[in-house]
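Below you will find one chain, with nothing else, as C-alpha cells; this is the form predicted on its own, and questions on how it binds or moves follow later.
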Amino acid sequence: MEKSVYVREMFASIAPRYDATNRLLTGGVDERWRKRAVRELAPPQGGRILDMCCGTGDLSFHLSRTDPTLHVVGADFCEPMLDGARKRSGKEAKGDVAFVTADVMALPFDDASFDGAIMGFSMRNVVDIVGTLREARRVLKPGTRFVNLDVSKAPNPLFKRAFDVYFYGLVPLIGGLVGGSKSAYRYLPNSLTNYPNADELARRFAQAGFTGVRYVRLGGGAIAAHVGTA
C-alpha cells in the first residue's frame, strides 16, 4: 500500500509535463512501440477495450485512431493524469473513448466484459504483478488478448550497458529538468531493478492463467511487448 500511495503521488507531481517529457526522452520512438502493441492486441472491430494504467491516454488514443469503431475505456488511479487524458480527448479521440478512476488491482468491471486489454509502461509500478495479471484476465472474455508493453532487460550485454547509462544516468537528469521532479525520474528507472526480465514476466503471465504467452523484443531488447490469451 505504501508503494501504491507513493506511485499515485509521484505521477500526480509529473502529470502536467508528462507527455512532453516522454517524447523528449525517447525521441518520439515510444509512439512506434505503442503502435506495435496495438497491432499485437489485434482488437476486434467494434470491441470494448480496456487500457489499464492509461495515464494521459496515449494507448487509448492509439486504439481509437487505429479503429474508430472501438469502445475504449482508460482506467487509472491518478486523477491528475486522467485530467490530462480528458483534456487531450477532444482533439485526439477518433471514436468512443472514456476515462474512469480505477485501481488495476481491483477493477470495477464485470467478469468477461472486455474484448481486449492493454497496459503501457506501468507494470513495473504495481504492487503485485501476478495479481494485476489475474485481474486483467478476469475482465477479459475467453479467447481475447492482453498486451503489456514495458521496459525490459536487454539480452545483449553491450547494448544493455549502453542502455543502462542512458536509463539510469540521463533519464533522471533530463527528466528532472524537463519533467519537474528529480525524485520521480530517479524512481522510474530504478523501478526496473527488481522487475522481472522478459522470460520471467512470461512465466508470470502463465501463472496468472494466460495461454499462448509470447513476447516481442523492441528497442534492441530494452522494450518488450508481452501477449497472453485469456
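Just so it is clear, the structure is predicted and the values come from calculations on it, not from any experiment. For every residue, the number given is its place in the sequence shown, counted from 1.
What follows is about the form predicted together with a small molecule, which we do not show.
A residue is said to contact a partner when one of its heavy atoms sits within 4.5 Å of a partner heavy atom; Y18 meets this definition for the small molecule in the predicted bound form. The closest non-hydrogen atom of F109 lies beyond 4.5 Å of the small molecule in the predicted bound form. The small molecule in the predicted bound form is not approached by L201, whose heavy atoms all lie more than 4.5 angstroms from it.
Using a 4.5 angstroms threshold between heavy atoms, V7 counts as touching the small molecule in the predicted bound form. Comment: 75 to 83 is the region of 137 to 145, 109 to 117, 75 to 83, 156 to 164 lying near the small molecule in the predicted bound form, near meaning a non-hydrogen atom within 4.5 Å. The putative spot formed by P43, S64 and T66 is not touched by the small molecule in the predicted bound form; no residue has a non-hydrogen atom within 4.5 angstroms of it.
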